[in-house]
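One chain is shown next in structure tokens, namely the form predicted alone.
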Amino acid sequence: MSKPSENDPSSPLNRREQTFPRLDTEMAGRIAAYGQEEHVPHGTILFQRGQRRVDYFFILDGCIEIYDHAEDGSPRIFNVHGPSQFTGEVDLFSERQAMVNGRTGADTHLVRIDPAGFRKMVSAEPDIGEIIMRAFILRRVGLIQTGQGGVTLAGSAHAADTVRLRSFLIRNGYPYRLLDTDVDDDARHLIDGFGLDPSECPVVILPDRRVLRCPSTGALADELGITIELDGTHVYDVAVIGAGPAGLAAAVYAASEGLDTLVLEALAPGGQAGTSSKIENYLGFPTGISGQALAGRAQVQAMKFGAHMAIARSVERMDCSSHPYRLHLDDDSVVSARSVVIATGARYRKLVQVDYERFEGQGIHYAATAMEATLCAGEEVVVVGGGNSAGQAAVFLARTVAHVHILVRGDG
């Protein structure tokens, strides 16, 4: 991933007071009421990559180092939280695996709050909750921009499977570094160093140096802990099928009313709206917002209220012969719910052409996001359609491509 520009006012690197805020003494006192104070020796590991349901830590004295690991396995510290600061990013609202590690950088006096207490605090202390929410979102953006805590994706940037995996990581807000084997000598050396054949690409290289050879979307989600562990014996109040704008809105409303809510999504939050470069007719955003940003905010909002997000999980069939209803998923697991909201959206229309499917993801795309703009840079492109989405795609792509042709099949 490219390092954000020093002149970019939206970059978390240029908003450190919001990304790593210091809370005043009065707020610190209120936070302490939701957890327990501890004196922790220097070098104590507080949480590790791969853990679920990580605790929240507020520092009274001392410091906590946040780190991932370099290629030789040594700790690589990229942030240090000091007194009156706190740990965490958006995964603290979910049951996803942590992407980074945390340890005390000195003898430290801190407040430890477990996940249930943290969720209670965020709801009961709205002023503190707002500061935490903003900081967590900015920290995740920072991880995405720098690739810290993420994985390495190596393969031809234009290959369909590379595009599939890259799109999945982007849309789920997971940090990654792309090594294009077509143009990057380092990528080819890396592949050789792992004893891989180019035909095995794309590969995903994990921080512990394990290699996933062209994994399925579900396998990648499971390995990275993007999805959650489902309990087949548990009965949810509400199950929402689909995490587009409608599904996420249903999850926010249900969870905010105290209902035990599960969201099942086959790919990534946002649905088709999540692939839009800019949405200008959504209520509350007069200057517009990207589909991915809108989806990310809605997802965090739903998780803040306690909604559970099961990503890369498709519902194959639904048994309504008894109550609670039973949803059979693509991994052969079964989920039970007292009520079900079906928000599966629509499927993309396709052109009827010979060999059409062979070029999907490697020349034929269904979105015009920054990833597609990069893939098409300097090329001539054809946008098929005459509606609002086609017009937005043409305007967006015109910034980076050589020429945009708009093909309108209808008379109007």
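As the structure is a prediction and not an experimental result, all values here were calculated from the model. Sequential numbering from 1, following the sequence displayed.
The protein also exists as the form predicted together with a small molecule; that form is not presented, and the subsequent description refers to it.
- Using a 4.5 angstroms threshold between heavy atoms, V204 stays clear of the small molecule in the predicted complex.
- Remark: T400 does not count among the residues lining the small molecule in the predicted complex, judged by a heavy atom distance of 4.5 Å or less.
- A residue is said to contact a partner when one of its heavy atoms sits within 4.5 Å of a partner heavy atom; Q272 meets this definition for the small molecule in the predicted complex.
- A residue is said to contact a partner when one of its heavy atoms sits within 4.5 Å of a partner heavy atom; S276 meets this definition for the small molecule in the predicted complex.
- Checked against the small molecule in the predicted complex, the residues V300, L212, A106, L267 give one hit for a heavy atom within 4.5 Å, which is L267.
- A heavy atom within 4.5 Å of the small molecule in the predicted complex is found for exactly one of G88, G244, G150, G142: G244.
- Contact with the small molecule in the predicted complex, judged as any non-hydrogen atom within 4.5 angstroms, is confined among 339-347, 25-33, 375-383, 59-67 to 339-347.
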